[in-house]
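Before any questions on binding or motion, here is one chain by itself as C-alpha cells, the form predicted on its own.
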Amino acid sequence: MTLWDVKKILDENQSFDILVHKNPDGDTLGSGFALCRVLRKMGKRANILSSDGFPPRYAFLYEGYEEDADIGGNTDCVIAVDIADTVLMGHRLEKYTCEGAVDLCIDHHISNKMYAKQTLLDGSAPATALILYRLFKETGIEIDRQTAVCLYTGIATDTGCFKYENTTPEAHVAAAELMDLGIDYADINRRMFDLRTKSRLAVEQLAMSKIEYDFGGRMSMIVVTKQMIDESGADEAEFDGLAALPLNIEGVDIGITVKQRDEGRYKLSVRTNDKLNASEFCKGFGGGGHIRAAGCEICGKLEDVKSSIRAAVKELLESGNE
C-alpha cells in the first residue's frame, strides 16, 4: 500500500487505538505518540495502548498526553506501529492478536508476519518513525515541535544515534529537517545514549564482568538474570541499548545479550557485523528482526539455552550466512 492509502484510512475513520509493542523502545513509542498527536490535531480521537505502560525515561515523548476515556475500547480503526508479530504485543493486548483485529500495521521489520488487514512496510527503513515522517511530509500533515521530538527520537534510537549500519542518507536528512523545527536534539541524544541510572550501571558492570567468549572470540555473550535486575532495582526500560555492548568488542562478529524474562524464559537480543545475518539466526528460534539486529525468545534452563545458542552460532559461522 502507499502513503496516500494510509492517509485515506486516517481521513475516513474517527477513532483509533494505536498499539505499541511490549517492553516499548524509542521507535515504537516515538511512532505511536507522533501518530496519536497528529490524529488528535486532525480532530480525531486516539489512544496509545501498551501492554507494559509507558516507561519514565520516555516521559518527554508523552508530555501532555492524557487517555481519552470516552473511546471505551470500541474504535473505528486499530493501528499497530513497529510491531512485526502479534506475539510482541504482550498479554494485556491479547485481544488484538486474533486474526483481523488489527486494521493497519506500519512497520520496518523485514520479519513482519503480515497479520494486519493492511500493512505499510518498508524493510529498508531504519525506523518506523522515518516511515511516519514520510507519511506526514508527503501528504501535507503538519509536523509540530512535539511531533518532531517523537519522530526524531524514534529515528535516533533505532539507528544508535546514527551509528548503526542501517542508517541511511534519508535518515540524516529527516533528522536535520526535524532539528530545524526547534527540537532539543542534544538533550534527546543525552537522555537516550549517555545517561545511566546507578542501578542500570550496576547491572551493566556485573553483566560485562561475566561476559563469555566462544569460537576464538568471534562470539560474545552476556547474561542478565532476574536476580540481577531485582537486586539492582533497575527498571526494564533502563536496559535499552544494553544489547549493543557485546558487539562493541574487537574481533566479535556476533554479540548476544540473554535477558531473563521469567523462570525458564529468556529474551535474546542479537547484534552482528556485516558478515552475518542476525534475522536469519533468530528465525531459527521463532524470532526475527533486521539483518544486523534481531531478537527471539528461548525457554528452558539457562545452561541449556546457552548450549542452544552456541550450537546455532556454530552453524551460522560455518555457513557464513550473510
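Since we're looking at a predicted model, the values are computed, not measured. In this text, residue numbers run from 1 along the sequence as written.
This protein has a second form, the form predicted together with another copy of the chain, left out of what is shown; the following refers to that one.
With another copy of the chain left out here, work out from 171 to 179, 143 to 151, 92 to 100, 107 to 115 which stretch has heavy atoms within 4.5 Å of it in the predicted bound form.
That would be 171 to 179.
E165, D76, D122, D85 - the one with a heavy atom within 4.5 Å of another copy of the chain in the predicted bound form:
None of the other options qualify; the answer is E165.
Work out which of V223, I71, L242, L247 lies within 4.5 Å of another copy of the chain in the predicted bound form, going by heavy atoms.
Contact residue from the list: L247.
How about Q227 - does it come within 4.5 Å of another copy of the chain in the predicted bound form, if we only consider non-hydrogen atoms?
No - in the predicted bound form, heavy atoms of Q227 and another copy of the chain never come within 4.5 Å of each other.
Mark G233 yes when one of its heavy atoms lies within 4.5 Å of a heavy atom of another copy of the chain in the predicted bound form, and no otherwise.
It does not: once another copy of the chain is placed as it appears in the predicted bound form, G233 has no heavy atom within 4.5 Å of it.
If you check in the predicted bound form, is T139 within 4.5 Å of another copy of the chain, heavy atoms only?
Result no; T139 lies far from another copy of the chain in the predicted bound form.
Check each residue of 180 to 197 against another copy of the chain in the predicted bound form and list those with a heavy atom within 4.5 Å, in sequence order.
In sequence order, D180, Y185, A186, N189, R190, F193, D194, L195, R196, T197 come within 4.5 Å of the partner.
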